[in-house]
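Here we start with a single chain on its own, the form predicted alone, put down as structure tokens.
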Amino acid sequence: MFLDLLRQRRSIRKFTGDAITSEQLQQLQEAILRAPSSRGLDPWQFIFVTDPEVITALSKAKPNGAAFLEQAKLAVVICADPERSDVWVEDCAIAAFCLQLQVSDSGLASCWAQIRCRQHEDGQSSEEYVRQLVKLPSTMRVDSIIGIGVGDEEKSGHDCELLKWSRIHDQSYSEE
């Protein structure tokens, strides 16, 4: 069943105006909290934003690649304390993907907006822009935002034949 979920999951950037149920929201929160982290340090924090005005502001976090957030019913800001773990970026990425898998399993749709190492159009970093919006302390770093809603577009999964099988190596790296 897990492989079937991976086969069908796609990034969706168009959402209907339909609401996310409280049961779905609870499942998303539980799933992200169950994400593994290196050495069990759990350096991450997750800000679940449902306020349409704040979501619209988050959609402007960077000039390209975040506008889809404006249509989302939920935006999850994934951030962490880098003092807590030297692999906070990896831990945030794992948590984000756990969330996205639960989104798909719940019949919802999502897309990831990279925030770390991106620039806002006013010259400040996208991280600083988001930090101010959601009132994060200056010690926290923002990794990404996951936009979630009821999908308003259909995309089929990637065909197995189109997978990059040449990226799999047996016993050692080979360029053949």
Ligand SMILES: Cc1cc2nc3c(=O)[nH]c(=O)nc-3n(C[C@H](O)[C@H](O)[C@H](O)COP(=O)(O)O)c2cc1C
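Source: prediction; values computed, not measured. Position 1 is the first residue in the sequence shown; the rest follow in order.
Note that the form predicted in complex with the ligand isn't included here; everything after this is about it.
In short, of 109 to 117, 130 to 138, 38 to 46, 25 to 33 it is 109 to 117 that has heavy atoms within 4.5 Å of the ligand in the model of the complex. In the model of the complex, at least one heavy atom of Arg9 sits within 4.5 Å of a heavy atom of the ligand. Contact annotation for 53 to 84: residues with any non-hydrogen atom within 4.5 angstroms of the ligand in the model of the complex are Lys62, Gly65, Phe68, listed in sequence order.
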